[in-house]
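Just one chain follows, in the form predicted alone, and it is written as structure tokens.
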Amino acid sequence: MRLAFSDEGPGPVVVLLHGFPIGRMMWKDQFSAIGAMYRVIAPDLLGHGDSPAPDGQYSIDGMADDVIELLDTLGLAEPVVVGGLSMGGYVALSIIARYPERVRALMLMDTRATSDTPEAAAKRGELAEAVARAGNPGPAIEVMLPRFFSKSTEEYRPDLVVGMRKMMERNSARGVVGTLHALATRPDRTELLGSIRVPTLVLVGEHDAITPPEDSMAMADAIPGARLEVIPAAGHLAPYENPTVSNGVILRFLEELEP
């Protein structure tokens, strides 16, 4: 699957994978800050942004395959840093599980390793039906957007909320429906965590209501040598909400990888 993508900056490659139902422009502040020193490659995953949004049911492993295909197309066979937020974290875990030789280091942001509970999967199915009936992503936006941000962001940075809504509105009903199936059927990667042998950063917003810091702490504890960083004044979109602190944490992690 040919994905739309941004490719910014010099140096070692850092792949950034966005959450649902957003797109690669959630990384705009990372393009400038991290892209000043590293080559940041950020695709629109299947069904999002400018990438194709075919009818049908998507899968997290299929999205991971698309990312590997993109790297192959760009001639990047060497291991790269892979970072993902929320759904992007599920894709990153699929890559490290199935293509470990392609991963130099891992960044798991506002995400979890567990699969959906039956109740959560059923709610995703109901939401997919609502989106299909509406013919637009509106029902998903109304469910997701209020849960994304910390109260301080909503109060003092409403422009971020407005910008995120616009990003979400760019997605099609087809893409949202297909992706909801991918999220509901994703495999549990908990058993994988203990076998991860690359440097790993686990990053989470202190007010994340979707994947709370406790989940990230447990994930970091399970990954040998993983570093946990809690980002203040941020909810589920920590690098987007508080890019200054998030970028500082990410750059320190990347700098420590250099020989």
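All of these numbers come straight from a predicted model, not from anything done at the bench. Heads up: residue numbers just count along the shown sequence, starting at 1.
Another form exists, predicted in complex with a small molecule; not displayed. Remarks below refer to it.
Trainee: Gly19 versus the small molecule, in the predicted bound form: is there a non-hydrogen atom within 4.5 Å?
Mentor: Yes - in the predicted bound form, heavy atoms of Gly19 and the small molecule come within 4.5 Å of each other.
Trainee: So in the predicted bound form, is the small molecule close enough to Phe149 to count as touching (4.5 Å, heavy atoms)?
Mentor: No.
Trainee: Any chance Met87 has a heavy atom within 4.5 Å of the small molecule in the predicted bound form?
Mentor: Result yes; Met87 sits at the interface with the small molecule in the predicted bound form.
Trainee: Given that the partner is absent here, does Arg124 sit within 4.5 Å of the small molecule in the predicted bound form, heavy atoms only?
Mentor: Yes, Arg124 lies within 4.5 Å of the small molecule in the predicted bound form.
Trainee: Pick the stretch from 69 to 77, 130 to 138, 151 to 159, 87 to 95 whose residues have a heavy atom within 4.5 Å of the small molecule in the predicted bound form.
Mentor: It is the stretch 87 to 95.
Trainee: Heavy atom within 4.5 Å of the small molecule in the predicted bound form: which of Ala173, Met164, Val81, Met144 fits that? Just give me the one.
Mentor: Contact residue from the list: Met144.
Trainee: Scan Ala33, Ala220, Ala233, Ile210 and let me know which has any heavy atom within 4.5 Å of the small molecule in the predicted bound form.
Mentor: Only one option qualifies, and that one is Ile210.
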